[in-house]
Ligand SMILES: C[S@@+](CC[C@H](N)C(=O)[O-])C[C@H]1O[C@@H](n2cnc3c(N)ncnc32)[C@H](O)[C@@H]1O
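Shown next as structure tokens: one chain only, the form predicted on its own.
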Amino acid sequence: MPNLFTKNTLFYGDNLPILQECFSTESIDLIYLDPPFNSKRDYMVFKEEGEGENPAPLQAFKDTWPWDAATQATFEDLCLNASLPLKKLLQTFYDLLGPKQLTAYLVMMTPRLVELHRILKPTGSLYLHCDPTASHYLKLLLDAIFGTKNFRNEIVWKRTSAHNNTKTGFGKIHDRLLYYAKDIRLVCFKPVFEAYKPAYLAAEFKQDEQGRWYKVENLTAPASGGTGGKFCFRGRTPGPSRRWSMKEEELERLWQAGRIKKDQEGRPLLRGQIVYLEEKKGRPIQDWWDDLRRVGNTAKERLGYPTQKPLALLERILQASSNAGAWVLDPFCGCGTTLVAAQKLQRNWVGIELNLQTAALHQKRLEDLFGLFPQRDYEVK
């Protein structure tokens, strides 16, 4: 089945049949999804009606999931036709939770995650944005679909500062992103770096006689079995629990370039590699993201969409797990931040959104930021 799109595309409708009917197998490089969180709330977006009028609220989406006849039919179909791990897992959810809202939410998500796995390329990645309401159940679903070996990270995004809702528990200030590879052996991933903090620079770096800032790093690594890296280099051998972290010819190259500090006897210091600040890319981003704030009430990028995520969050994901020209999909498109990030970073994009009331929001955002118009610059289906 070929893709039913050849350029950047916005689909409006239920994402499950669209995924099943419009996407070929292994056609997408990166998927980011920010589905409903089973918050049991109705979310509103405010639309300006006209000059002098108050903003009119429109329903963006319902985040409630009753166990009804359609849910029961989907559950029975999955228990009949899904893979054995998924059958067992869904039955366990039902036995544990009963036919309740959370179970209905997980039944809704399951066939969609199966389709997203199908359309992802072997080099592709999926990032599922959620909160602790159901993240542990969603991770089990993803483990069953992607395989536990392809789980990469549970990223914690500190989306806001302290709250006052601490009467019955600790303040809730973070979301989670579950990151999976289609195939860990082939996945596209590039480390992302952030600038060093001033306190770190002051503590770790010094100036040499030429005024260049440098730090001294370890030339060894844990031994962890085997004999690799266990050799004598210019009179120095690492201890029994350590090994040289590079080959002898690389150590010799650094030595000849004057990039290894020496002790009083002229032997290399184990922690002696000279690294200059201009050679460092920065601090590699870890799985705790506390530097990307939510879209505040006065933020320039704020659109009034209730669950809008910051553009910087999506840019980080796209930079880490895709290249220019890659195909990026957001199957729960919301206000279109993934599309904006993809367009800005020269990726191809596809968005799917159930609520037609957000169509004008998507199209205005793409026009205002990039001068793009529907049907001329991208397709609307």
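Computed from a prediction, not measured in an experiment: that's the story for all the values here. Don't overthink the numbering: it's just position in the shown sequence, from 1.
What follows is about the form predicted in complex with the ligand, which we do not show.
Asker: Can you check whether Asn355 is within 4.5 Å of the ligand in the predicted bound form, heavy atom basis?
Answerer: Yes, contact at 4.5 Å.
Asker: Please run the contact check for Cys333 against the ligand in the predicted bound form: heavy atoms, 4.5 angstroms, yes or no?
Answerer: It does: once the ligand is placed as it appears in the predicted bound form, Cys333 has a heavy atom within 4.5 Å of it.
Asker: Closest heavy atom of Trp289 to the ligand in the predicted bound form, within 4.5 Å or not?
Answerer: Trp289 lies outside the contact set for the ligand.
Asker: I'd like to know if Ser321 sits close to the ligand in the predicted bound form, meaning any non-hydrogen atom pair within 4.5 angstroms.
Answerer: No, no contact at 4.5 Å.
Asker: To test your reading of this chain, name the stretch in 321 to 329, 23 to 31, 345 to 353, 66 to 74 whose heavy atoms come within 4.5 Å of the ligand in the predicted bound form.
Answerer: Going through the listed ranges, the match is 345 to 353.
Asker: Name the single residue among Arg267, Lys87, Lys172, Arg112 that comes within 4.5 Å of the ligand in the predicted bound form, judging by heavy atoms.
Answerer: Comparing distances to the ligand in the predicted bound form, the residue within 4.5 Å is Arg112.
Asker: Only one of Thr103, Thr307, Thr220, Thr123 gets a heavy atom within 4.5 Å of the ligand in the predicted bound form. Which one?
Answerer: Only one listed residue qualifies here, and that residue is Thr307.
Asker: Going through 1 to 36 from first to last, which residues have a non-hydrogen atom within 4.5 Å of the ligand in the predicted bound form?
Answerer: Those in contact are Gly13, Asp14, Asn15, Tyr32, Asp34, Pro35, Pro36.
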